[in-house]
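Only one chain is shown below, in structure tokens, and it's the form predicted alone.
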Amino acid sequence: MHINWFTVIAQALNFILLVWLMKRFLYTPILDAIDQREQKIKAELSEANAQKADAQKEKDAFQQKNKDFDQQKKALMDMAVDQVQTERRTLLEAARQEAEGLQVKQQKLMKEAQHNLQNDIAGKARQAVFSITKKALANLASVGLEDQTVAVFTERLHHLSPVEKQPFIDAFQSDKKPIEVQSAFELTVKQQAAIKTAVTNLLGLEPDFVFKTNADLISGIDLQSNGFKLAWSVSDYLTALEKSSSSPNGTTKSKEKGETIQHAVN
């Protein structure tokens, strides 16, 4: 068989040219495209992994925030419950104290009302007793009792101390007007003479006298000179006793029954 080397060489060159052309214009672009595609896929996978990691981080952060929120919510709820309980206890304590204060105030008012009622009843009872006593003494008064009254009064005048009788003497000497003598009953001549004698001994001189009757006096004698008075009567004693019994502590210094009473008359 005859070999045509020109043909062989030409075909070999054609083949080599074809391989170079295919490699230059076919295989290389395809391989480059494959590499680019592979790089793109790798980049997309890497981006996807990064996004997945970011999403996981966001998920973890969200879960942590939810957990923190739940903890804060629980803490706030516990705090609110504690504040409500504290406020409730405070309000209950304030209400209890206010109720106790009102109860104490009410008891105090009740005691004051009871005390005032008792004092009112006692005062009315005292007034009734003294009123009845005065009426009884006025009804029992007689000439014999008036004699005894004059005797007691003159006896008291005789036994006055200098300190007791000096104001009356000074009052008489400052304006020597007639001395006014009042009694519940009209005095007899003998009774008037006894009083005149006692007063003359008291003053050291004989003054003028004016004798009057006063129905308000109960078994007593009232002797006045220039605004100053010497008096003794059961009525004055009862009045002093009434004031003493109506005083807050029930004790007021008062003169004994039958003692001569001295005071200025306005």
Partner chain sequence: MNFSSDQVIFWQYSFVTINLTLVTTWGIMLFMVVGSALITRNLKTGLHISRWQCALELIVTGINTQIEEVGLSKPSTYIGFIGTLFLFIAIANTGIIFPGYQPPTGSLSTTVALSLCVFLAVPFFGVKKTGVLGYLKTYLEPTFIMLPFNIISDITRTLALAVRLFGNIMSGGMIVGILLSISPLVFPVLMNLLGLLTGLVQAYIFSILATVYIVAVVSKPDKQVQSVENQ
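Positions refer to the first chain, counted from 1. Please read these numbers as outputs of a predicted model, since none were measured by experiment.
The form predicted in complex with its partner chain exists for this protein as well; it is not shown, and the discussion that follows is about that form.
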(request) With its partner chain left out here, work out from 35 to 43, 200 to 208, 223 to 231, 56 to 64 which stretch has heavy atoms within 4.5 Å of it in the model of the complex. (result) 35 to 43
(request) May I ask whether Gln103, Gln106 and Met110 all come within 4.5 angstroms of its partner chain in the model of the complex, judged by heavy atoms? (result) no
(request) Considering only heavy atoms, tell me if Phe69 and its partner chain come within 4.5 Å of each other in the model of the complex. (result) no
(message) Since only the chain is shown here, I'm wondering whether Leu26 would be in contact with its partner chain in the model of the complex (any heavy atom pair within 4.5 Å).
(response) yes
(message) I'd like to know whether Ile30 contacts its partner chain in the model of the complex, with contact meaning heavy atoms within 4.5 angstroms.
(response) yes
